[in-house]
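Listed next as structure tokens is one chain, alone, in the form predicted on its own.
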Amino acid sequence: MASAFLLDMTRCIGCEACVLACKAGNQLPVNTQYIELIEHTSGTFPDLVGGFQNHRCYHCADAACVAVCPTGALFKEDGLTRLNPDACSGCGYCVQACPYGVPKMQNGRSTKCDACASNVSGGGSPWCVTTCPAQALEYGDRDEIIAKANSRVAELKDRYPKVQVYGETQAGGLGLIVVLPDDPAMFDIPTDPQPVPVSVDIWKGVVQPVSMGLTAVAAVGAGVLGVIARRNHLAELKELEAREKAGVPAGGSESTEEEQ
């Protein structure tokens, strides 16, 4: 079963309860947070409209971060993007590949939201969902979340003419379904993010296999050279042993009868 978040930006009041709950529940270090509320202003003076972006992991189905990760530290589970920090090599490829700019480097390793995997597996809910006072956040079966989002959009059409569901199809289908009261660009969200950038495809399909192949060839070559060196060393030892038995000094040659 694929799970997903529902984020209703028509209900979000910007209180940052989700930010604080996420930091506390996941015991995040100072200067690290998985949710950011970013203020922005749109329109032309004096007709300005203020708002904010609820920036967090979108849990892409075609996740570029997962595609480019060389160690498997980033992976898909239950429709969400998980992270095993112990497997992270600190290469930073995920930071460069994500179209939403989500993964960050912390102490040499990647860090991002993993949808509170440990808490949910124990029967709980993601910390941000549990604490949202405006009920702007929900978590559950993705199909049910999408149905609920579309129902809310139908109810909000009169109030927000441009209201829409974001995430149903973007990047292969997101694990974060968002009810937006306006166009995605108004929230600094890419309208049609590339599921996996071309550079990632090239890296995964060409550069990574070639580099791994070269590493394997180098390892095999080193092994072969080691075998040859050991064989030569054993041959030298046998020759030295034979000389000693024949009474030939090291570096000399056996005496012939004519020489004697």
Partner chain sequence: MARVDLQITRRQFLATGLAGTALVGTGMGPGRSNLAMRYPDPPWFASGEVVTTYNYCDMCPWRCGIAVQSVNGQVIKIDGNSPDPKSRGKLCGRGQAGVSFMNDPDRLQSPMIRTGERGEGKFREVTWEEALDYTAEKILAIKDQYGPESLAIFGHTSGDFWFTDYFAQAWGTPNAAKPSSSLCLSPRDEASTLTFGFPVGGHEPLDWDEMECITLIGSHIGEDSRNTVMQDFVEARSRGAQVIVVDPRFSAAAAKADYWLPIKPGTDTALLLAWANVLITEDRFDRDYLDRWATGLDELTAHVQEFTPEWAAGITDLSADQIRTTARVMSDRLPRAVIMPGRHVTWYGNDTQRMRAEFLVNSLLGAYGRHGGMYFNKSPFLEPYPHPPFAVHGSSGGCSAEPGEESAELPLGPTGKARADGARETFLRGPTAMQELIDPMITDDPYRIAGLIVYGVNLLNSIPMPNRTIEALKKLDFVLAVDVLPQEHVAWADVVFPEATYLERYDELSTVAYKTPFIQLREPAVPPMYDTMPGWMMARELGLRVGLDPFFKWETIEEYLNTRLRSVGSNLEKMHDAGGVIIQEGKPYLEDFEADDETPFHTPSGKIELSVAELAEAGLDPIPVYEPTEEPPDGYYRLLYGRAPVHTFAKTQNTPDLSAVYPENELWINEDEATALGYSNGDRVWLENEVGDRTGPISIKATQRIRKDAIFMAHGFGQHAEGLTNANGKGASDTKLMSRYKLDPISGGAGLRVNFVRLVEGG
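Numbering follows the first chain given and starts at 1. Given the structure is predicted, the values throughout are model-derived calculations rather than measurements. Rigid core here is just the name for the largest C-alpha set that superposes within 1.5 Å across the two forms.
If you look for the form predicted together with the partner chain, you will not find it shown, but the lines that follow are about it.
Mapping the unseen interface onto this chain, residue 148 falls outside it, with no heavy atom inside 4.5 Å of the partner chain in the predicted complex.
Using a 4.5 angstroms limit between non-hydrogen atoms, residue 117 touches the partner chain in the predicted complex.
Put simply, residue 157 is far from the partner chain in the predicted complex: not one heavy atom of it is within 4.5 Å. A residue is said to contact a partner when one of its heavy atoms sits within 4.5 Å of a partner heavy atom; residue 82 meets this definition for the partner chain in the predicted complex. Taking a 4.5 Å heavy atom cutoff to the partner chain in the predicted complex, the contacting residues in 119-154 are 119, 121, 122, 127, 129, 130, 131, 132, 133, 134, 135.
Relative to the superposed core, residue 51 undergoes a Cα shift of 2 Å or more between the shown form and the other one.
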